[in-house]
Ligand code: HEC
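Here's a solo chain for you in structure tokens, the form predicted alone.
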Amino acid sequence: MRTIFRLIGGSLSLSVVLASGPAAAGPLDAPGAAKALACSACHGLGGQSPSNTMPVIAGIAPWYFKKAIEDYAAGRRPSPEMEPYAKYVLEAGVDDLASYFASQPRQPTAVRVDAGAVERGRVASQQCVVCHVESGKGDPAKGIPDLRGQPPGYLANQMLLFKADRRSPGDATLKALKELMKSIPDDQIADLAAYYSSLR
């Protein structure tokens, strides 16, 4: 009798499992997700960086992701931290990872910025709109990235690297940008970073 009950109970359990259908897709089921785990230590799961110094790469344009990876891997954009990871991405399949991060819902940084700095940055940003446009979304046709919602610490650091010609040194296409950065005081760079970080 106990055996019969065990068999009936087992059949009911199997029926419940089968009736529930396939499991819902999770964040690691998307194509490229397993490869992207190597990036999550710094950029957060799915590219949603919780840090003030690491960029949000969820929702990143594939063309920009691929250019950044290629530049890091070749040493054109010097970074002892990123170079080995960039080489891994090229080996693992840069197109897969570019597609994966582009497909991830992008949430603006959770890092808070000072309202006064944002307003000062808004005024100072008039010198930036020629390339990054009023909204800060950039211009893919000209290779200009979207700055909106990035962590302010990351944005400020990149501007300082441009100013010191330590980001993409010797790149003739960035000469005008670097000359502009040299003319901007460091405290105004912090304000610009706060402003662009605040845009949605």
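One-based numbering along the sequence shown. What you are looking at is a predicted structure, and each value in this text was computed from that prediction instead of being measured.
The protein also exists as the form predicted in complex with the ligand; that form is not presented, and the subsequent description refers to it.
Contact annotation for the candidate site: Ala38, Cys128 and Arg167 all lie close to the ligand in the predicted bound form (heavy atom within 4.5 Å). With the partner omitted here, the residue from Pro55, Gly149, Gly46, Gly136 that has a non-hydrogen atom within 4.5 angstroms of the ligand in the predicted bound form is Pro55. For Met181, a non-hydrogen atom is located within 4.5 Å of the ligand in the predicted bound form, even though that partner is not displayed. A residue is said to contact a partner when one of its heavy atoms sits within 4.5 Å of a partner heavy atom; Lys163 fails this definition for the ligand in the predicted bound form, lying far away. In the predicted bound form, Met82 approaches the ligand with a heavy atom inside 4.5 Å. Put simply, Leu174 is close to the ligand in the predicted bound form: some heavy atom of it is within 4.5 Å. In the predicted bound form, the residues of 132 to 149 lying within 4.5 Å of the ligand by at least one heavy atom are, in order, His132, Gly143, Ile144, Pro145, Leu147.
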